[in-house]
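Presented below, as structure tokens, is a lone chain in the form predicted alone.
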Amino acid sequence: MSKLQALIFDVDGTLADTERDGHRVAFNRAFAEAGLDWDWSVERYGELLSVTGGKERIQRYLTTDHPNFEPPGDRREWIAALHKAKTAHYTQLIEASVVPLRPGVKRLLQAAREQGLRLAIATTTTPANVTALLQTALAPDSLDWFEVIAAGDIVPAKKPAPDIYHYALQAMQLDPQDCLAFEDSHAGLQSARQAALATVITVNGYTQAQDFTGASLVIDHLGEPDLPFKVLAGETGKAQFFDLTLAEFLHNLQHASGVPTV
């Protein structure tokens, strides 16, 4: 049986609840700055999250909500510029420490580093967003914690396509059975599982009702010694918070059975 060698993390919704109070707010600020009267409510943004990627989300919104809208100049360039403005607003929000890491994230990352497990990021968000979150909420040198940061448009097809995980695995020269992925959404789970990765899901308010068939474990968050997680599906032994012992347990369980545990 292969040994667990690496943990690969999604970012938005997994490391931190960035969507509702981070990205959504930044989109609305960019819209206002551009003189647009668009405002994405909490509920509408939740619907738009079915589309991965910020530029793709704007495109979907135009198609469904403003089909007759004609942006000035080239449509693709206009969307890219609007999204760039949104990214600037998002990094300002994060740097103001508006969005903290989710329970257990920093503890697990620190433990992995201490035990010599390799770490990677696999996300559809832009690299600037990753940098702002990690350096503000985790540690100033935290970019160096991760061997690979696969983000944004580095691959042509975004989640639920497996491309971003294929990229990370290739860059690390690891096989899927050597790793454990962490996601928060159905699209993220599909991406990781299509890359043959055992996957832990930590749900949030936007994703808690989604289908996570195929996940190794579904919990509400990674937990802390004084803040136990709630198990929604899967086996944890006697664990009440996610640690490296549980990671090894899930890794061994997945590859001993050869089938998903949920």
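When you see a residue number, it is the position in the sequence shown, counting from 1. As the structure is a computational prediction, the values presented were derived from the model and not from experiment.
Keep in mind that the form predicted in complex with a small molecule is not shown, yet the notes after this line are about it.
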| item | value |
| --- | --- |
| Proximity to the small molecule in the predicted bound form, single hit among G46, G53, G234, G214 (heavy atom within 4.5 Å) | G53 |
| 4.5 Å heavy atom contact, H83 and the small molecule in the predicted bound form | yes |
| Residue contact check: R57 to the small molecule in the predicted bound form, 4.5 Å heavy atom | yes |
| Option from 177-185, 93-101, 134-142, 107-115 whose residues, in the predicted bound form, bring a heavy atom within 4.5 Å of the small molecule | 177-185 |
